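One chain comes next, on its own, written out as structure tokens in the form predicted on its own.
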Amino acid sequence: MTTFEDLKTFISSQKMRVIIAADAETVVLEKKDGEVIQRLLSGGVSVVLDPLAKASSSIYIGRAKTEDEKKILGTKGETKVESERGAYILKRVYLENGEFENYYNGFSNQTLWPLCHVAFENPNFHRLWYEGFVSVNKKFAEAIKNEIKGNTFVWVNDYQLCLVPKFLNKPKNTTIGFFWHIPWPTWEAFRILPQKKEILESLLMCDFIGFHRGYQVRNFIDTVRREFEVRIEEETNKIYYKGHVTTVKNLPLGIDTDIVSNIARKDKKEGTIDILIKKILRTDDEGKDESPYIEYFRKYKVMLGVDRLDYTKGLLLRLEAIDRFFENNKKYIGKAIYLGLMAPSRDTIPSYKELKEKVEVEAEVINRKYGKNGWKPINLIYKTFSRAEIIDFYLHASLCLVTPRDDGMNLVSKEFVMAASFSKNPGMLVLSQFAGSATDLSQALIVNPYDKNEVVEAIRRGLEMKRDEKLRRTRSMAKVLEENNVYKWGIDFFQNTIESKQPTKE
């Protein structure tokens, strides 16, 4: 198994300055009782980039998320993030309100996001959005340029920063790698994007481009082939364009199995989760030996969902399947519940507001249909939990439903399995075949989220599966995750990018 120290040693041996850039910052600064604290994020791309930044002692460039951060950091905009494993400098890019709206809420998440996911949500095209997107990508590129010194490795992450390579303009002594974390669509979908050529030309200025899955690599190469006059080496996936060589490969993202394992092993103390569970149960724990949290998971078979509130996550399809599950399996009425933990997401975008309304209406319909004696089948919590709290939910749930309509990878599914492997009676994972993680987690109950009957049967099977079978499946998947963890992914990305760097000669 690849370790953090293996990753650290490999990067050190390359004798390169490392710059990592992503829209997502790894920690948020907050003031509490007059003291500045660093709050770690609980999920997303930044969670897996944090150990890579520590191992490489990098300069990490991300977007400042709050006004408080701007006040705390001032014009310098940087802070040191450190732990016993390592440290790095986190530098912020500040955006004005108009820039944020056009770059993030606009072009990133109402144009590129729906275009790249097969979720049947129409992408929108507005000139001002793209202009804002260009402006912010220039800011990131400028921040990166300011940090390039000597032999430098630049790692750009995700669709929000896809124009950064263009604005870097191939600096000397610099190796550029790009990882695209969401699906890459077919050419037939991508071709409608008015700015398709600018984005493709920018990406082809990188030495290496990584995707999660092979079909995404094939889609990208097919898109490039149809849009440009290029030479492609089919065996090596090398693309020759305007005197530059770009290698494209699939590198499935792993998780930080060490962190998840360490949290899963820790004893839980009463805290936020207990308070929430008290509210759901409408009870107090006075005179009881156990917390209401433990009582809750013993009293009910808990079907857990942990998602951003996003239309790609298949939330409405999931609720419809749960409705049918109770209709077909009445013995679970009053004995099983769905607990949906939904982190607020892009809540000023119209399609996300509409989704929240539809989810709440559907939940209310199901609760009226089956609810009785204070019990209701659907319990939704709109809140961002800490990573430790989320992992504790994973340890106790009977089932975890991860049923996206489309997903580049899906880290929730992997972290659930890793955490559940430490449970004496683990919950079972019901996983969409359209999540990138379905290839790695083949021992999960794989479903087509559009086939409600298939999802219903998987829920029933997961809840009724014998303990020995759950242990066998979960431990088998956890072993795969340990062998293909984030440290291995990091080494693979660095190694592939460095090896892909060639003289610009066609």
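All values derive from a computational prediction rather than experimental measurement. So that there is no doubt, residue numbering starts at 1 and follows the sequence shown.
Only in words, not in the display: the form predicted in complex with a small molecule, which the text now covers.
Contact annotation for residue 181: at least one heavy atom lies within 4.5 Å of the small molecule in the predicted complex.
Interface residue remark: residue 109 is counted as part of the site for the small molecule in the predicted complex, having a heavy atom within 4.5 Å.
In the predicted complex, residue 58 stays away from the small molecule, with no heavy atom inside 4.5 Å.
Although the partner is absent from this view, residue 456 stays clear of the small molecule in the predicted complex, with no non-hydrogen atom inside 4.5 angstroms. Only one listed stretch (37 to 45, 445 to 453, 66 to 74, 466 to 474) carries heavy atoms within 4.5 Å of the small molecule in the predicted complex, and that stretch is 37 to 45. A heavy atom within 4.5 Å of the small molecule in the predicted complex is found for one listed residue only; from 385, 393, 104, 326, this is 104.
Residue in contact with the small molecule in the predicted complex (any heavy atom within 4.5 Å), chosen from 308, 196, 138, 238: 308.
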